[in-house]
Structure formats: C-alpha cells, structure tokens
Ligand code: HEC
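As a starting point, one isolated chain is supplied in structure tokens, in the form predicted on its own.
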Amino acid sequence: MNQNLARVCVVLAGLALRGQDQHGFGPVEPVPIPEMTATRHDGVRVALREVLQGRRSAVQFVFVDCTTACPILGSLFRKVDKSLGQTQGQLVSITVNPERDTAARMAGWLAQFQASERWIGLRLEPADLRRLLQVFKQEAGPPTGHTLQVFLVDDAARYAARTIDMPSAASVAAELRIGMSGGEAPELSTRLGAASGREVYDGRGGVLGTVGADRLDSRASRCSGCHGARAEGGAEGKTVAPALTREALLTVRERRGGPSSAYTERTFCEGLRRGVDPAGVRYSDMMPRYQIDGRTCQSVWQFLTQPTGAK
C-alpha cells in the first residue's frame, strides 16, 4: 500500500468512532447515475445503471489494502446484510483503487464478511470512477473518493441521499426497506394490510418508528401522542409539536427558520422517513423516523388533509 493510501486510511480510522452517532440520511437533489460499464466481483462486465435500476442500493467506497477504516465499513454492511431478510435492498462496495483491485481481489474482500448475493463489489476504469465520484461530490485522488459516508441510490438509478459520516447499520437497513422513489416495501405492505390513516396516526397501524438507532414501541411513536388527537399540535415544557391540520400542511409558510414552503404528499412522506421538511430543514432529533411504505403513508396524508371536521 503506498504512503498516500496508508495515510488516509489511518485518518479515517480515527474518524470512525466519531461518526457512529451520525445515524440519519439527508436527501439530495436526485442525480441520475451516468451510463458506464463496471466489472462485478465475479468478473462479469455489467452496465452500472442496469445494476442499480429496479432496487434500492446502499453504496460505499472502499479499497482492499486498507486495514483500518475499510474493515469497519465492511462490518457495517455485513450487519445490514444479515438484517434485511427477504427485502430487495442491495449493497454495493466500489473500489477506489482500480489500478490494484481486480475483480478477484474484490471477491476475496467480500468473502471476509460472508456477503450474500445482495452484496456486490464493483471496479470501474479510473476515468469512469472519477465521473461517478463527481456525482456523489467526492474528491479525486489517492485514494479516490474514500469516505466513511454511505450513499443511497433509488430504484430509478438516481443518487438520492447520503449520511453525514459513518451511519448505523439500523439506519442503512431502514432506508433500504423503505424505498426512495415511491415504491412500497413488500414485507411492510403485507403486514399492514388495509390499515387506515387514522389507525396509523394513533399508533395502531404497525408502522415502526425509531429515534437514532433505537426502535420505539407503538405508544412512544404514535403521532397523536405529540401532535394531538385531531392533529391540532401540542406542547410540553420546551417541546413543541406543530399542528398537522390540512391548513398547517398545505399553507406556504416559514418552518423552523427555513424558506417558506408547503407540504405535498411526497415531501410529507420523505419527512416521516428522513426527518426533513419541504425546504430541507431537519426536524428535531426527538421526532421519530418511520419505516412506512408508499401506500400507508398516502393513507396518513389523506387522513390529515381531508376537509376540516371529517377527522
């Protein structure tokens, strides 16, 4: 391993523990992944967009010779891999040292973590790697694009979210279950069945809420507990829960100091999943993040935005 690779690897190792509390994903303006060809860890040449299309993918950048930060990244994905069950999420490890990391070396690296079929390794030609890193706003050279962040690519092959630093395995798994372009998560949809928006709002719809990496029980994560039985909002001490009435959601207004905005069904559901409002301002850390599929979130949105008096 050359001195530059070693130096950055040591620096990243020092950052790893500091990043453990950066659980959340922040959305970005969706950017399509460019058309390019990659070599999979089994030696097969593949079109990168085709690999990413049709399923949600968590992407990390690694290199085989790293002995500090990259094993931590590998262990993170191993934990995610083991927790996903039958969901269709995909894990993608891309080498940032294509001059040295062959497909066989990537296969050996994945084997250390008992990677399942959902976890693939990819090698790009150096010029294509630089183009891809520009999409993710990562710096080039050497080791190109090596970071503790995890990036989310939606099922339309668009870069759509990223972590600030090293995420928790729970947050990565949650994003892969949820989906990022309106699709439903099969295991959640089947379990929830025909739960109404009212039931979900009151905590009776079986939707999982988390704070950081901690799973909440239904009583702690129910919307009505903070926002009121009729979504009128509430306050307890210094904690203020805004109203979620039709008027409050649909009226263009300033929220938490950000630019004026109004909610749509899409931004409302993204807020529940990722904890940001329509203007991109983060919710309080006390606000749970929810694993909720598209159909169920639509029912909550329709319940909250129906005409006054219908609740």
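The first residue of the shown sequence is 1; numbering continues from there. All of these numbers come straight from a predicted model, not from anything done at the bench. In this text, the rigid core denotes the largest set of C-alpha atoms whose superposition between the two forms falls within 1.5 Å.
What comes next is about the form predicted together with heme C, which is not displayed.
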Check whether Ser260 has any heavy atom within 4.5 Å of a heavy atom of heme C in the predicted complex, and answer yes or no.
no
Examine Pro242 and determine whether its closest non-hydrogen atom to heme C in the predicted complex is within 4.5 angstroms.
yes
Residue contact check: Arg256 to heme C in the predicted complex, 4.5 Å heavy atom
yes
Would you please decide whether Met286 lies within 4.5 angstroms of heme C in the predicted complex, comparing each non-hydrogen atom pair?
yes
Candidate stretches 156-164, 224-232, 126-134, 169-177 - the one whose heavy atoms come within 4.5 Å of heme C in the predicted complex:
224-232
Hey, with heme C in the predicted complex, do Leu249, Phe268 and Tyr290 all fall inside the 4.5 Å heavy atom range?
yes
Of these, Ala104, Ala111, Ala140, Ala220, which has a heavy atom no more than 4.5 Å from heme C in the predicted complex?
Ala220
Which of these residues, Arg282, Arg40, Arg49, Arg55, gets a heavy atom within 4.5 Å of heme C in the predicted complex?
Arg282
How about Arg56 - superposed on the rigid core, does its CA move between the shown form and the other one by 2 Å or more?
no
Tell me, please, whether between the shown form and the other one the C-alpha of Val44 is shifted by 2 Å or more, with the rigid core used for superposition.
no
Core superposition between the shown form and the other one, C-alpha change of Pro98 at least 2 Å:
no
Per the comparison in the predicted complex, the Gln60 and Gln291 C-alpha atoms (change 3 Å or more) are positioned farther
Residue pair Ser171, Gly206 - Cα distance in the predicted complex, closer or farther (3 Å or more):
closer
